[in-house]
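Consider the single chain below, provided in structure tokens and representing the form predicted on its own.
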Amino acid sequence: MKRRKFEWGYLLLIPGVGYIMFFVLASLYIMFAQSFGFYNYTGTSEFSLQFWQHVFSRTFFDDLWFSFRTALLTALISIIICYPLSLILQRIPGRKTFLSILKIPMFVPALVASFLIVNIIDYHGVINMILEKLRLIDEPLRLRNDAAGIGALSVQIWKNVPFQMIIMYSAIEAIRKDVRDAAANLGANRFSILKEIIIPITLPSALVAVIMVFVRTFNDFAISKTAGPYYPTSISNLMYLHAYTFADWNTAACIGVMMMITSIAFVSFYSYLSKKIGN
């Protein structure tokens, strides 16, 4: 067997990749160590499981469920919007201009986007004003900081649809035109082309888009803080509360570990389920 020669060119990755990996691994190590009582800034630094006992409470599970539900609904609703929208943009003139306009929410910071949407859905916002003028409601609806989290969900969808659009539009555009033309010449209608060609080819991209939106929404702080309900709140807000309000960094580290475990578990299960559906 011929022995492979070491490629010295890989060493050029060290300044970039090595720098990133060092801080990522160091941060993960500190977080895991703090969750078991080490690096305790306010007390004795020693091995302990007492901080994990503080985590498993009703407040934690309510916040975890709210974050998981919001992230999952955002990812699924966004991809449902993006699929037909990407197909429509393929056929209309000036699609690059429309695509550029749709990308605007991506360049708006999350906190700014949250306040923009809040002004629309607030108790005396635009939506309630219109509904009252049309006499469809007698008093304003509570859409901001509502218990169901509709306000936070609306902002998340507005922010993440353009992100998924970039992925899905590129995936659909990459399908060669002659493949679709060949299917049409063989008697396939538009629905058959969509079902047998477009969806199977773009499914991997859709899976990646859903996973990426889920992870970034699940760990959100700013939007849920401004537009989300007072209780339950997001798991990131609970982590912030323990770290900066109670100065309990060890419990905050436990919450961070649970956030990572939840994200990894969802991605693993979703990938496994996707492979089963694909087969």
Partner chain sequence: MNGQLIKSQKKLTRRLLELLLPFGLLSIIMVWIGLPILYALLWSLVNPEYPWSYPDLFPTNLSLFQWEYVFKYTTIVKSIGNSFFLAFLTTIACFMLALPTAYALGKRKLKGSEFFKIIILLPMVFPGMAMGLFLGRMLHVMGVSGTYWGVVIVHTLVALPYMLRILIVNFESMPQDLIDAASNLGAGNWVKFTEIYFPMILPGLVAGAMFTFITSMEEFNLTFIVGAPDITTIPTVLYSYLGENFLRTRASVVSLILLIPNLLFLIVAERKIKTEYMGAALGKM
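Positions refer to the first chain, counted from 1. Nothing here was measured: the structure is a model prediction, and the numbers come from that model.
There is another form of the same protein, the form predicted in complex with the partner chain; it is not shown, and what comes next is about it.
- Contact annotation: I172 falls outside 4.5 Å of the partner chain in the predicted bound form, judged by heavy atom distances.
- In the predicted bound form, the partner chain lies within 4.5 Å of some heavy atom of W158.
- Although the partner is absent from this view, I117 contacts the partner chain in the predicted bound form, with a non-hydrogen atom inside 4.5 angstroms.
- Heavy atoms of V210 never reach within 4.5 Å of the partner chain in the predicted bound form, leaving it off the interface.
- Residues S236, M239, Y240, A243, Y244, W249, A252, A253, G256 are the members of 231 to 257 with a non-hydrogen atom no more than 4.5 angstroms from the partner chain in the predicted bound form.
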